[in-house]
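Just one chain follows, in the form predicted on its own, and it is written as structure tokens.
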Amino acid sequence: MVNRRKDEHMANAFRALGHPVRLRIVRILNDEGASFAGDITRRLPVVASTASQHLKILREAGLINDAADGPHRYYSVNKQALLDLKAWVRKL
């Protein structure tokens, strides 16, 4: 059965993962757990403002979560979103 809403959601997730820096961010968070934005940025080949945009895209796609800790933001991977992507690909 075709579920257009689910397909659109998956397409948005795949678009968000369609950049090497965003893939690296997801790998960092998946391997290390929650991390502060600054710690993530230091591991990327981009400036902080660009890293922030990549984090925003991943967050809006539902692939990562964010939370405030005082003046800092930390991020974690949305494990359920990754499991959903994996299950969706398996059905192809």
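When you see a residue number, it is the position in the sequence shown, counting from 1. Computed from a prediction, not measured in an experiment: that's the story for all the values here.
Just so you know, the form predicted together with the DNA exists too; it's not on screen, but the next bit is about it.
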### Query
Using a 4.5 Å heavy atom cut-off, are V46, I57 and Y75 all in contact with the DNA in the predicted complex?
yes
### Query
Taking 4.5 angstroms as the cut-off for heavy atoms, does A37 touch the DNA in the predicted complex?
yes
### Task
Indicate whether S52 is a 4.5 Å heavy atom neighbour of the DNA in the predicted complex.
yes
### Query
Contact between R15 and the DNA in the predicted complex at 4.5 Å, heavy atoms?
yes
### Query
Within a 4.5 Å heavy atom cut-off, is H19 in contact with the DNA in the predicted complex?
yes
